[in-house]
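Next comes just one chain, in structure tokens: the form predicted alone.
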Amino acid sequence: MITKRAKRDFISACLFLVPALCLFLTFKYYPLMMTLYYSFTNWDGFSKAFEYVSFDNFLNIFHESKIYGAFMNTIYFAVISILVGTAVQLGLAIILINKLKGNRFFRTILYMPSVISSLIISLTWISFFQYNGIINRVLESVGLDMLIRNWLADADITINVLAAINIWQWAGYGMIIYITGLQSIPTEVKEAAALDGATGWSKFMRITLPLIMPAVTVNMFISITGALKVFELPFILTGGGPMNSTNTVTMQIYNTAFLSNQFGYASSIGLTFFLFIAILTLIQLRITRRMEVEY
């Protein structure tokens, strides 16, 4: 039987939750619902008069070459960032989980870029990669003049430069997740694997990797969503150039909304991209969770 005191405590708890719930619904779901509403209109973002255009905005997305280019740039950036980034993060975790001298110092140093604003990161790397920047000066000083190039104005390599910066920034973050996964492997399992003669690559593929799959699941989810939503790096470093080679989907949404004043169309691009990320992450979660093992 529920006492009066229990009822009073329950009502008090609900009342304390109301402000937070109102803020959450206002700033989380209200914008999402309004974005869905405007995606079916030709709203320019300012005027009160706009028309309902049905699915025209969504159909135009698949016929505009600039959006297709932005989509392919984003996919390329994400694939490079995730594949190379995962290898770097896991490699660092395997090295720094050992009781090496100064491993805590190196963990801290590697983790620091992930807590710095991407805006500051981008502004900092401009001084390195511009033509008269530090990297070209170092190459010139060591006699590697043939490698000197305009890193942020070469359509063939600029997207790779952005991916390299992204990998560097988040290497420490992913490393910490993998270190946590490696530390969770029971000592008995490691000893049993050693007694069975498992060593090197065979031990990693058959013992270590299956046992750290929960960490892989979490890290892959964060990496996929983060890489696909990249905005600050191309916006600050290249502005989407040269020749739209670093124009990403998020930049295209920004340009469509704030430069072309097509907020309705930008909303439809945003919703379509949201669905793409949701489907992709659901597939990733389904695959990586199936690979997880219990011990």
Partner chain sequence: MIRKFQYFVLYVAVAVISIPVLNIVLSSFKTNEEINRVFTLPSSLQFDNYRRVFESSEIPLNILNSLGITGSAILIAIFLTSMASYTLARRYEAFFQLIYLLFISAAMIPVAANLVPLYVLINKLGLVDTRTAIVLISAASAIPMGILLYTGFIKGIPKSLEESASIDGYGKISMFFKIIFPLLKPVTVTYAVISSISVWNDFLMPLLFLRTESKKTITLAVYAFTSEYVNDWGAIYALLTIAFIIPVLFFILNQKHFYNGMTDGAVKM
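We call the rigid core whatever largest set of C-alpha positions still superposes within 1.5 Å between the two forms. Positions refer to the first chain, counted from 1. These numbers were taken from a predicted model, which means no experiment stands behind them.
Form predicted in complex with its partner chain: not shown, discussed below.
Proximity of Pro210 to its partner chain in the model of the complex falls outside the 4.5 Å heavy atom cutoff. Within 4.5 Å of any heavy atom of its partner chain in the model of the complex lies no heavy atom of Phe58. Put simply, Gly240 is far from its partner chain in the model of the complex: not one heavy atom of it is within 4.5 Å.
Within 4.5 Å of some heavy atom of its partner chain in the model of the complex lies at least one heavy atom of Leu32. From the list 148-156, 79-87, 195-203, 126-134, the contact stretch for its partner chain in the model of the complex under a 4.5 Å heavy atom rule is 126-134. Taken together, the three residues Lys101, Ile177 and Ala278 all lie with some non-hydrogen atom within 4.5 angstroms of its partner chain in the model of the complex.
Residues Val218, Phe221, Lys229, Phe231 of 210-231 are found to place at least one heavy atom within 4.5 Å of its partner chain in the model of the complex.
When two forms of a protein are overlaid on their rigid core, residues whose CA moves 2 Å or more are considered shifted, and Cys14 is one of them between the shown form and the other one.
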